[in-house]
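First comes one chain, alone, set out as structure tokens in the form predicted alone.
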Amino acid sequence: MIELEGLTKHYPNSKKPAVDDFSLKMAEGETCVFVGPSGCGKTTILRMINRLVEPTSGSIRIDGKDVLSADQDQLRRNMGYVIQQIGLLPHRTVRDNVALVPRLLGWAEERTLKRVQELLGLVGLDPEETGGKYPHQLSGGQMQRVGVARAMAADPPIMLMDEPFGAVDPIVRSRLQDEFLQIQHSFNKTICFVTHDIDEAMKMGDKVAIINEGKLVQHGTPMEVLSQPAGPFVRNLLGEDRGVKLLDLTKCQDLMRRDEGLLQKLQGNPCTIGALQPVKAALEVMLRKDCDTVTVLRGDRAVGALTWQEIKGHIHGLSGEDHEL
């Protein structure tokens, strides 16, 4: 869906390019998260995709078509754009903010208002209660939801998201992330997502692009990046709890032992976990209840067991390193 080839941006009076020979392909329906330290070029890449910033050299193709020869206004109307500062128009109601792009595209008013109602409900806002309010009457989390709804209003195939949940507190942020993942599961957009938070990158991305000093350092699935980091820079970015992050990507049912004899011995075990829960959750149960084996349940039925040593061995097998848990 999106192909970046040799993308470079060099600002006047700057010794180094902001983006340096950057090449990447994103498949249709994929969420690719750009992650790296502040000033590494990730936002510049995002802004070059919809031509808010013009590249110095290189090419950008969307669905095989050259973006650099396209009409800029038409290009942007076919992309949802969500930023950390949200950017809602303060003198317009929530309803009018969400309706902005459909009206620019000439949608019939009945169709536009129906879409607004649908989207506000989708992002967890009551259309009747919220639609007539102005941005200053909303909380930060509510404004962020309206920003996401506005970006999706005209049903664009591509969404660009620049630290979209960075301005809200951690609890609201986690809830917004979960809600957006559910929305993405239903609508299957192609999403470029910028963050400086490595945990958010691992949670949100089908693929993760790690960027430093304008260059692509590593690109792969969260599991590939966590288990095979490309050098010291990526290891430092992932943090010392890389082994625990690996556990977040593995379900208990994928690691459990199906041992009838062991399950017999574990009858009445107070340490239990759902089969679809991440292994990290099983580890938390072990620590909280001071046990070294959890019984894995599917519904009320015991289907397997998971031990502390198996978890440690799993991490070692993925990363080739011994991690302290």
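Numbering starts at 1 and runs along the sequence shown. Source: prediction; values computed, not measured.
There is also a form predicted together with a small molecule; it is not shown, and the following applies to it.
The candidate stretches are 31-39, 254-262, 56-64, 288-296, and the one lying within 4.5 Å of the small molecule in the model of the complex by heavy atoms is 31-39. Just one of Glu163, Asp248, Asp96, Glu200 comes within 4.5 Å of the small molecule in the model of the complex, counting any heavy atom, and that one is Glu163. Only one of Arg76, His219, Arg242, His196 lies close to the small molecule in the model of the complex, with a heavy atom inside 4.5 Å, and it is His196.
When contacts are judged by a 4.5 Å heavy atom cut-off, Asn50 does not count as touching the small molecule in the model of the complex.
Taking the partner from elsewhere, Trp308 is found to have every heavy atom lying beyond 4.5 Å of the small molecule in the model of the complex.
Contact check for Gln277: every heavy atom lies farther than 4.5 Å from the small molecule in the model of the complex.
Shown alone here, Ala302 lies farther than 4.5 Å from the small molecule in the model of the complex, counting heavy atoms only.
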